[in-house]
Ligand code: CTP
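Only one chain is shown below, in structure tokens, and it's the form predicted alone.
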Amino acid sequence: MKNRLNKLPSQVQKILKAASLAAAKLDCSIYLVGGVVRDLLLRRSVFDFDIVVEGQAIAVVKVLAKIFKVDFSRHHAFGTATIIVGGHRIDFATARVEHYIYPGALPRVKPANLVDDLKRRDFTINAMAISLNKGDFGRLIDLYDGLSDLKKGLIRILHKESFSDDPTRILRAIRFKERFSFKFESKTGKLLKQAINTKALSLVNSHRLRDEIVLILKEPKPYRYIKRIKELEGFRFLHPKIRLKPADFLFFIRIEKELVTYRRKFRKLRINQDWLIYLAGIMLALPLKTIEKVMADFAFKKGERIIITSIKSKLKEIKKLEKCKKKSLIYKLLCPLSFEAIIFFYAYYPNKNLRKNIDFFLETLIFTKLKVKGKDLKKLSIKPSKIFGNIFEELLYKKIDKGIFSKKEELSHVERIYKRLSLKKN
């Protein structure tokens, strides 16, 4: 019997064997399942692991947590638990069967065995398991010829109602197809198009659609994923008035290019949400209020909403950078923006002077700091009030434009600014 796990790092093998022993003590059967099995067979890097337990998954994790002396999280309602050991995230779930009351509904679940659990999966390549049990540790369990489809490069659903039961599988099918450069198995392709033609995605909860589109936009180089969605479905599931044009796809290519350039030139300036730049591009043609409503309806996080709406609202204002020569104005325009928004504008506007000003901001202006602090203003008998903010703002702009370097110079400007603001106030 071929052990499919012997090429994993020794630390990971140690964790999986400990999980096997923990399950055995509780008289449970335990299996590695889904995407991790697929990626192991494709010899891709694996960092997170999904494990199915025939029995009580939470009970197994409690034992495992004691062995490695770590905490874990649990969800009693779903029979799931998560543990992180040595930087590896391991999700445990009780084997279950699913029943869909109507198309697009969240499934009703109840405990089951491994066979039932694999039967509910989306595609054959994701419906394989590897035993972690003592008697056959490392044995591949492939009930639906997933390994064969993996070798042939095929995306195949397990049954003909798959897309109607859960229409988010339309987006997942596209994601896996593009990620692995696979093809749709012929019947799967036909059923996918039928589901699209019946507007199956309109039946799905907006929060679940959000999760799927975020996963797609987080894929490396999501341009091709966006293009495939446009060809097959379009983005009407986000909003019916989204109509991507050829120029939009050229823009997505530029985003990919500028992200590479940004990371090479500005390694200290981190950007963690590349996907928001693409999402802003997808929705850019919509009015601001419509964008705000879409972001709210799909329950995007507050910070994500701010980034997207700032891009739309500042689009025309940033164009001023094409002719801008005043350093403080460059700073004033760009400082309030996220790095995601700045990269968006860099990719959106081809103007050389605008890009030069953005480079200057990221290379130099962004690091401008005042040496004078609030306590220094108090020593000058300036009482804390709203005027503090006005003084610091004006001082910063003077420092940027006039090249003020020493704290002594800053203090001299503070006194002048304060006198002028006081006279203006009176």
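Computed from a prediction, not measured in an experiment: that's the story for all the values here. Counting begins at 1, following the sequence as shown.
Absent from the display: the form predicted together with cytidine-5'-triphosphate (CTP). The rest refers to it.
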Check: Pick from 131, 188, 168, 94: which residue has any heavy atom within 4.5 angstroms of cytidine-5'-triphosphate (CTP) in the model of the complex?
Finding: 168
Next item on the list: Identify, from the list 156, 177, 312, 121, the residue with a heavy atom within 4.5 Å of cytidine-5'-triphosphate (CTP) in the model of the complex.
Entry: 121
Check: According to a 4.5 angstroms non-hydrogen atom cut-off, is residue 39 in contact with cytidine-5'-triphosphate (CTP) in the model of the complex?
Finding: yes
Notebook entry, point to check: With the cut-off set at 4.5 Å between non-hydrogen atoms, does residue 172 touch cytidine-5'-triphosphate (CTP) in the model of the complex?
Noted result: yes
Checklist line | Contact flag, residue 35 vs cytidine-5'-triphosphate (CTP) in the model of the complex, heavy atom cut 4.5 Å | finding: yes
Check: For residue 376, is any heavy atom within 4.5 Å of cytidine-5'-triphosphate (CTP) in the model of the complex, or not?
Finding: no
Check: Which single stretch, out of 335-343, 193-201, 122-130, 275-283, brings residue heavy atoms within 4.5 Å of cytidine-5'-triphosphate (CTP) in the model of the complex?
Finding: 122-130
